[in-house]
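In structure tokens, the next block holds one chain alone, the form predicted alone.
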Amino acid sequence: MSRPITTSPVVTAQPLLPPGTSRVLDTDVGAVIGALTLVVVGLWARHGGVSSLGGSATDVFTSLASLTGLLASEAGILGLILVTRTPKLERRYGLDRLFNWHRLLGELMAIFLVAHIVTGVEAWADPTGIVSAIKDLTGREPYMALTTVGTAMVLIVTVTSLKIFREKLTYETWWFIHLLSYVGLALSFSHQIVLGTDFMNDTVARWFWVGLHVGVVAWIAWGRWGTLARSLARPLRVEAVRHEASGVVSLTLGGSNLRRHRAASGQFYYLRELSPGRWWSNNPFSLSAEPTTSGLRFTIKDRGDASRAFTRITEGTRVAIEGPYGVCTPDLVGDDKVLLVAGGVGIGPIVSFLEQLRPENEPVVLYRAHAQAEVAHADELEHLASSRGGRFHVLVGARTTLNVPDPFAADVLLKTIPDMAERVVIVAGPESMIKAVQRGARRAGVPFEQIHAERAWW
């Protein structure tokens, strides 16, 4: 008697659950910043900071040195909190916005730091003179040699983070330089406790300040380095690599861990190839398909050493992922009509976004590329748009060869999309294109709050 033939059940890919929502409010963030600022200024005032402003020049400079030092530390603490990648904060504001705020706080910290140095030297210069004061404050006083080195590190990080310098560095070089900020802040901390007038003779204030810094360090260790450890412990594997266009490939990562994963179209991840010579490099790439239990797809363009390595990756390679991040997701749209604008490799998140739209969204897709050979996912976009009652347009060629000087000018957009003002606008691509789309959409009548873009932070 023959045995019945059994077949394995077909496993259908299921969309992943979306990330959880955040209950963080702007008022919550404002309350934390306000409370910390109140404590910092209160410490300064309690230890004679206000009364010293009416004294001698030395008293005034001493008071200002104390205040600017405290404010520089506060800016540094807030900046570090923003890069802990805390899920609730990230889901409320988006990692790109948090990183840009981090950059602004770093620049503010540098301004306070320079003011602290100038006022500190002026205060110390009476009666020994500026030269002697500089010698004291750069090495002769206890802990000041370490502080000088730490301050120099923080200022180097700040300068190299300015756009004019950042654009000349590779991401990896900038990242390694940026790590100096952690060392610099650590080296500078001791002089606040030993020499600072606000903590030297006030036990409660000193332990509060120490506890605050220890808490931030623990927060970073759990949020940032804990995330890294967890990603390394549960890597995915490259299941498919497909050539999409000139210098453009899409790769699909899969693994059993995805069944417990949460993600949404439009989000991005940091990918780390776990192979010799590549494990230390961590780079952001956006999803280019709806995330499902069968895999996460990323479309990657050769734009440098890091992205080039991923365009040459082979099937079976292990890849650690961190994420997802980003708040520019389809839940922003609801039942409104949508305009999706992509430029270059920004087409990836637009494809994934389009997959989750419905016929009532009547999506219009504008795809900007410099050459036909660079156009990726064209057939897929055409099918997705038409099946949802929408349209797909490709704008190919250098700007000088187009029929219009600015393809994203308000009059051009209105001619192509008469109901432009009624649409939600989603844009992904180079910063210059994002600004052009935002400018054109606003002039075409689209409210500011209806224009969304995931800003590049690097």
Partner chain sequence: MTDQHKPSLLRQVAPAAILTAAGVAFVSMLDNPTGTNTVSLDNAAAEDQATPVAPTTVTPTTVTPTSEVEQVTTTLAPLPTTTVAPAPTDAPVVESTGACDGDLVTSPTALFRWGGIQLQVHFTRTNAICDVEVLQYPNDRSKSIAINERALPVYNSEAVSANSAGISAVSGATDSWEAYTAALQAVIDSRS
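Positions refer to the first chain, counted from 1. Every value quoted in this text rests on a predicted model; they were computed, and no experiment measured them.
What comes next is about the form predicted in complex with its partner chain, which does not appear here.
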Heavy atom within 4.5 Å of its partner chain in the predicted bound form - residue from 28, 419, 431, 411: 28
Proximity to its partner chain in the predicted bound form, single hit among 362, 302, 239, 331 (heavy atom within 4.5 Å): 331
Decide if the three candidate residues 32, 141 and 200 all line its partner chain in the predicted bound form, where lining means a heavy atom within 4.5 Å. yes
Given a 4.5 Å cut-off on heavy atoms, tell me which of 373-381, 213-221, 350-358, 116-124 is the interface stretch with its partner chain in the predicted bound form. 116-124
Any of the heavy atoms of residue 405 lying within 4.5 Å of its partner chain in the predicted bound form? no
Can you work out whether residue 43 and its partner chain are in contact in the predicted bound form, taking contact to mean some heavy atom pair no more than 4.5 Å apart? yes
Does its partner chain come within 4.5 Å of any heavy atom of residue 398 in the predicted bound form? no
Check whether residue 386 has any heavy atom within 4.5 Å of a heavy atom of its partner chain in the predicted bound form, and answer yes or no. no
Within 202-219, the residues having any heavy atom within 4.5 Å of its partner chain in the predicted bound form are 202, 204, 205, 206, 208
